[in-house]
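What follows is a single chain, given as structure tokens, in the form predicted alone.
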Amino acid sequence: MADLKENIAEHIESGRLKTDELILHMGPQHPSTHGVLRLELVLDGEIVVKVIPHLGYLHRCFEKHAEAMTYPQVIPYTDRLDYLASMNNNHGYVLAVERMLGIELPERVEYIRVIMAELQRIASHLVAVGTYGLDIGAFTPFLYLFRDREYILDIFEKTCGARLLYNYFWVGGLSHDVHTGFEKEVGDFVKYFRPTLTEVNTLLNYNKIFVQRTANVGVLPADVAISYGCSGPMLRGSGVDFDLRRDDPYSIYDRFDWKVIVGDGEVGTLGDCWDRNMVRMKEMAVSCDIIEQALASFPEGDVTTALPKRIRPPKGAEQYARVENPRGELGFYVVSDGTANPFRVKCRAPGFVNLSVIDEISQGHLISDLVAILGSIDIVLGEIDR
């Protein structure tokens, strides 16, 4: 045995001992992968050399299903894309169809849509930040954030009867008006929720261990983010000042005064995991600002007057509509052949594009850092696989 050790030591010193790269599969059942995703890792010891995502475990044929459904029947399928942001998914799809038909919406519909979309953004970011803390090893903030998410889900349930998949935004309006006391409940939630953000910053985001695990890890330079087509907090976390709600306005977002949040490298390098997480934290406060302004000028009216009795866009009509969902630019390209069913519905999923950059920002990091990097991307496999 002693001779063997001496022989190995001699080979190491002389550089004649060569090691092979190890291929390790993370997932598809790994608890830190945020869904059914398999990452094929090429490792040199514990150092990541390459990351190859393998998708398709949650593929449900959304785009093919849409061809066999009428335009209104597609809406519940959009719910199930990014199931943490169903309201935003509804919004993007119905916007495309409404533009094809030239429908002008009542004011009340627009206000309710914006309020619901921003409540959904908060609910989504609460899951993102809470589960991200869980990935790093912080359990308590997860409970605080999921507690507050329940208030939003209760409002949604009172409004449309569902907690996760809503089918609430319809082509030309809404399935029905908001419930009695809606404005007060939403206003009370916003006032109650703001202190939670300060509390979680203290508990999690500025916690020494959390900072050490996320600062200077998974740095995504702005030019790389733009080259890959990243969007949402993934792009803004790299310091790129771009938000569709302001830069390609839809609905009535241009009526409100609010600020686009970008990363600033506060505790590490600009574009690291910490910046992406902090962008989501600050965006929740911005959503509260937008909601309060919408409530202050909330109009009366009917939400069903513009609902069309027959939805058949002209043959050859096509439209691309994009919205700023919690994970970035969600786009729907809809083509009509003149029948009651769309000829083609193409979904541009922000999570799919954002995930493509994981190899670029993971190389040279440890396996434990890869868990932090993946969590900071905030993926939902329902929209990635579709």
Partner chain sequence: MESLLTSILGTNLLTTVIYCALPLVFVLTYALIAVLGEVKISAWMQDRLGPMRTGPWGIIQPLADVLKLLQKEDITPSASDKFLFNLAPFVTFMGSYAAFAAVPFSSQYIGASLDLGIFYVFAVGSIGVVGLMMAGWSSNNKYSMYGAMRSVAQIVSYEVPAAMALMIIVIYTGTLNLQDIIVAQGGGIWNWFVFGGPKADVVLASGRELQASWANLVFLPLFLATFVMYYVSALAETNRTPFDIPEAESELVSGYHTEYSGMKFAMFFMAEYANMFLVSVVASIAFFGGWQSPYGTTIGALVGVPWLSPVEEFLWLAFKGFFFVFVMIWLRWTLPRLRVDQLMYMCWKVLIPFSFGIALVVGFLVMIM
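Computed from a predicted model, the values in this text were never measured in an experiment. Numbering follows the first chain given and starts at 1.
There is also a form predicted together with its partner chain; it is not shown, and the following applies to it.
Within this chain, residue 135 lines the site of its partner chain in the predicted complex, having a heavy atom no more than 4.5 Å away.
Contact annotation for residue 294: none of its heavy atoms lies within 4.5 Å of its partner chain in the predicted complex. Using a 4.5 angstroms threshold between heavy atoms, residue 201 stays clear of its partner chain in the predicted complex. Contact check for residue 27: a heavy atom falls within 4.5 Å of its partner chain in the predicted complex.
Contact with its partner chain in the predicted complex, judged by any heavy atom within 4.5 Å, is made by just one of 253, 210, 156, 111: 210. Listed residues 144, 182, 258, 83 were compared with its partner chain in the predicted complex; 144 is the one with a heavy atom within 4.5 Å. Of the candidate stretches 85 to 93, 212 to 220, 266 to 274, 284 to 292, only 212 to 220 has residues with heavy atoms within 4.5 Å of its partner chain in the predicted complex. By the 4.5 Å heavy atom rule, the three marked residues 123, 167 and 340 all fail to count as contacting its partner chain in the predicted complex. Taking its partner chain as it sits in the predicted complex, the stretch 258 to 290 never comes within 4.5 angstroms of it through any non-hydrogen atom.
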